[in-house]
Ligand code: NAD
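Just one chain follows, in the form predicted alone, and it is written as structure tokens.
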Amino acid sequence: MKKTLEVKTGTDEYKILIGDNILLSSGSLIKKKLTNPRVFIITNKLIYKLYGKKLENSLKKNKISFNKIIINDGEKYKNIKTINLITSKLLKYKVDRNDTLIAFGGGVIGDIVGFTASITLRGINFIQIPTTLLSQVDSAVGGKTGVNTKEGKNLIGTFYQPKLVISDVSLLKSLPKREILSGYAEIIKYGLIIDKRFLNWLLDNESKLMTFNKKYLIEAVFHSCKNKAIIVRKDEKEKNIRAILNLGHTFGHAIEAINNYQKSLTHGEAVSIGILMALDMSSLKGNSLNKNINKIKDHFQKLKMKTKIPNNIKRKTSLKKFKETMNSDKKVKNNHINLILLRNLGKAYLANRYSNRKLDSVINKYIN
């Protein structure tokens, strides 16, 4: 079973291919997008050990030459130092503008490789082969690239679209349940912000997703990417509607930053908590959401998703520090924190007018 989705933006268009075991035919899919039969695979040790030979064999079969660059993976390595390491190796290999980079890994690798592609020789092509649920449904799609700094998450980056995305759900079977739940936080986000029908489908079928039913995983990835593609087509560079994709992220990014991007909390787990904080804030603004919010909270708890900020992170923060960290987010405009809130399930909006007292009460509820 394979599904294809077309993504069109103001600057580019490309396909997302979603299926089971399509890594085995990745070489023929990639070859169609190459102007020069040479690629650079950028990945981490674990992904290369698990799946590297499958990708390499498919490239060899299609007479595509390749070099691999192994990097450390994780939010703390998503920085300019890693970019310098990759670009130095590319230049040593005499990379040219007709070569293509392959981001073979999760969201961190995708963001790093996309950013590297956008600045190397003023822009070379890259292809995404996302290996986590979170990257398949979110970060591999839409063209956002970037790195973190001590001042905040993704504050240095570009909008740069891939030429192809190959999402093989068979790669997800090696993931621990924790990583699946991290990805699920991004999946349910699409239902909450734009697609109530998809949200209800998720609520009805979560057991099939959590038991790795490939048919249902393909459907979940497809509909997530479809919803994101609709938004990205309208607003590639986040001037207006694309901002709703950040439901829970302003809160979540603050939690990650306070935790110094340590692996004790994943990005998806921070987003999971952030979504609940955004729902609580939505309710306090007077939206008639309480019954539906409780349904979503029950759903998160049933799946054992993260719903509370861990105590070790709480000890590192205060209301003042939490708000200062939120203020460093790239979505802050005119020194005002913009929040994505819900009017109802499936209907999100950008809120730039709200009571600071109510925001304080939501933050205090989660950090105390």
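Being a predicted model, the structure only gives us computed values, none of them experimental. In this text, residue numbers run from 1 along the sequence as written.
FYI, the form predicted in complex with the ligand isn't displayed, but the following is about it.
Undergrad: Heavy atoms, 4.5 Å, the ligand in the model of the complex: which of 192-200, 211-219, 85-93, 167-175 makes the cut? Say which one.
TA: Only one stretch qualifies here: 167-175.
Undergrad: Would you check whether the ligand, in the model of the complex, lies within 4.5 angstroms of a non-hydrogen atom from each of Glu75, Ser135 and Asp138?
TA: Every residue of the spot touches the ligand in the model of the complex.
Undergrad: State yes or no: in the model of the complex, is some non-hydrogen atom of Glu206 no more than 4.5 angstroms from a non-hydrogen atom of the ligand?
TA: Glu206: no, not in contact with the ligand in the model of the complex.
Undergrad: Does the ligand come within 4.5 Å of any heavy atom of Asn338 in the model of the complex?
TA: Residue-level check for Asn338: no, no contact with the ligand.
Undergrad: With heavy atoms only and a cut-off of 4.5 Å, decide whether Asp99 touches the ligand in the model of the complex.
TA: Answer no; every heavy atom of Asp99 is more than 4.5 Å from the ligand in the model of the complex.
Undergrad: Does the ligand get within 4.5 angstroms of any non-hydrogen atom of Phe66 in the model of the complex?
TA: Output for Phe66 is no: heavy atoms all beyond 4.5 Å of the ligand.
Undergrad: Can you tell me which residues in 37-61 come within 4.5 angstroms of the ligand in the model of the complex, by heavy atoms?
TA: Heavy-atom contacts to the ligand in the model of the complex: Asn44, Leu46, Ile47, Leu50, Tyr51.
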